[in-house]
Ligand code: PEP
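A lone chain, given as structure tokens: the form predicted on its own.
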Amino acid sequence: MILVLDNKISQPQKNTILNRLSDEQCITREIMDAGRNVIGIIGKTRTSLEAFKQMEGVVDAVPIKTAYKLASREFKSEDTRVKIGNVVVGGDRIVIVAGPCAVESHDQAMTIAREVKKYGAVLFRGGAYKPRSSPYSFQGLEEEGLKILADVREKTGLGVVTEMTSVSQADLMLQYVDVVQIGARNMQNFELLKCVGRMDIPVVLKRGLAATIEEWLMSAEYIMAGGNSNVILCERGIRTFEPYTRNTLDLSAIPVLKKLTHLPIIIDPSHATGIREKVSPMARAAVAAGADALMIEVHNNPDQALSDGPQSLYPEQFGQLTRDIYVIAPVVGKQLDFDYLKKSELINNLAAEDSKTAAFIGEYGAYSHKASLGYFGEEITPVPMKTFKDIFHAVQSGNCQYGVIPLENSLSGSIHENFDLLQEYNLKIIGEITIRVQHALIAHGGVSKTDIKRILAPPPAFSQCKNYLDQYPDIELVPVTATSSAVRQVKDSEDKYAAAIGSAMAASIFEMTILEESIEDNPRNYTRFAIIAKEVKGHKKVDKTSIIFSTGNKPGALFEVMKVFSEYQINLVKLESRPMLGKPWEYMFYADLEADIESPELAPVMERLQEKSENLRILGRY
């Protein structure tokens, strides 16, 4: 059962409820869920459901029907995010865990760790205790292996994950590692589950070789009932009649779990397939199916590996896989961030007086809000703004550390106002993120499409949904500043004849109903956002530069600049002209280059660009 409390409940009223539940020997868990103050109750109560509803400070009492109480969506509707150091599993960013099946030596572990970090891994996996089918197989380096893992973390900054096979290892795990893994063979080792339930450390719980999803969730319940809610479910393949692969990877478990539980999901395609060439396709499919994280076995010399060499990727293969996932992830509303750890370190090292905030246009639930979460995770607080100029002013004045601005959409083109503001303000582009825009028609509950007389949305959203809107020529189109603002205005107006175009995220935040999903004309609807700041802090890899320049008003002037890029084989991914502020009929050119224009080897390029341009300014290197 869960008790939904009044958000204004007094502490004495809450204590009365908790004391009664304690007297009835119930386990209780207090959480905030979707803005609700909730008490979860585990165990049989003498007090009836109706009696709880009558208690002061209680808004509602709802029974939980599933056998797994704390792990269920009924208990917690919002997705759980498990924090491991600076890494969050379960958010908008795909988390990659990679490393060898077993720690074999210090040099082996350190070599692989540096390789997988280079290619996008943010956590390092490696077994120190190895439960093997044969007693004659390599059993792991035990505590020595844990010490090596701790040194890997110290030297590389990667959090470390390893398997715990016995209750007696608990103290060592707490001393050396960041995440413990309960292997498939131990999924129903209930004493071990109870032990990790008492430990203050995240747990990766692998699915048993022949376990049903409900049995798997009941094992998670053991851990959570012990007080540890930081559980990540790992699908690693189940044993079926098919002998070709080592196991059968049950990708259907991902959408099933997303409905049944709030816990994040990691997929291990290495153990699932047991065949190197099958790992990458299954990893890509897992991301497309909605996985929050991947656990990939990587070895620098898999032919000589002491454990699971045939299923381990070479580092270069792992690098190709992460590049593929980088492209796939935005399609399902996720991101793979190659700068995840550097970015988190930079944010955590900001001075106390720095504002750890990012300004965005619109209301919570806007695509700009989603872009902020995808780029920063939850380490930076998003702050809504009414206009794009408000964003630039907030960053320039120091009220916000960062700004998130849309620059161009794949269907409706450039957002010219922001290019003009980049010209006006002396701010730097420090990064970019591209997200897929999936528009939904959103209205009040109980409203049908035939009731709608007006639709609110910003002009770009109207143009992106033109084919859909053309089917309803009598509906009035009302322009607003942002999609999330449209949803909020419809919500606040209580107008049953109005609808908004916006994101599913906005519909959820404002508790509105989606009448129709994916109404954009083209599924390849992406928006590129720039991250702006007053200055660039910290070192990061640069592979792109944005510049702004002007040329003399004479024939061939722009060609001379373009010739410089051609001679040095620098690819331009964007070139756009905008009127110069205060100078009629004169133009500035914006260009995005696939190069670090300030690298030593490109110093001649900068010299020649300055010769050929009347004005030249670097907007950002990222």
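All figures in this text were calculated on a predicted structure; none of them were measured in a lab. Don't overthink the numbering: it's just position in the shown sequence, from 1.
What comes next is about the form predicted in complex with the named molecule, which is not displayed.
**Student:** Hey, of 339-347, 488-496, 183-191, 407-415, which bit sits against the named molecule in the model of the complex at 4.5 Å between non-hydrogen atoms?
**Tutor:** Selected range: 183-191.
**Student:** Kindly indicate whether 130, 163 and 271 are, all three, within 4.5 angstroms of the named molecule in the model of the complex, using heavy atoms.
**Tutor:** Checking in the model of the complex: 130, 163 and 271 are all within 4.5 Å of the named molecule.
**Student:** Can you tell me if residue 363 lies within 4.5 angstroms of the named molecule in the model of the complex, counting non-hydrogen atoms only?
**Tutor:** Judged by the heavy-atom cut-off of 4.5 Å, residue 363 is well away from the named molecule in the model of the complex.
**Student:** Is residue 101 one of the residues lying within 4.5 Å of the named molecule in the model of the complex, judged by heavy atom distances?
**Tutor:** Contact check for residue 101: yes, within 4.5 Å of the named molecule in the model of the complex.
**Student:** Though only this chain appears here, would residue 236 touch the named molecule in the model of the complex if you measure heavy atom gaps against 4.5 Å?
**Tutor:** Heavy-atom contact with the named molecule at 4.5 Å: present for residue 236.
**Student:** At 4.5 Å between heavy atoms, is residue 292 in contact with the named molecule in the model of the complex?
**Tutor:** No - in the model of the complex, heavy atoms of residue 292 and the named molecule never come within 4.5 Å of each other.
**Student:** Note which of 370, 299, 125, 439 lies within 4.5 Å of the named molecule in the model of the complex, where distance is taken over heavy atoms; exactly one does.
**Tutor:** When the named molecule is considered in the model of the complex, the option within 4.5 Å is 125.
**Student:** Using a 4.5 Å cut-off on heavy atoms, which residues of 199-213 contact the named molecule in the model of the complex?
**Tutor:** Just 206.
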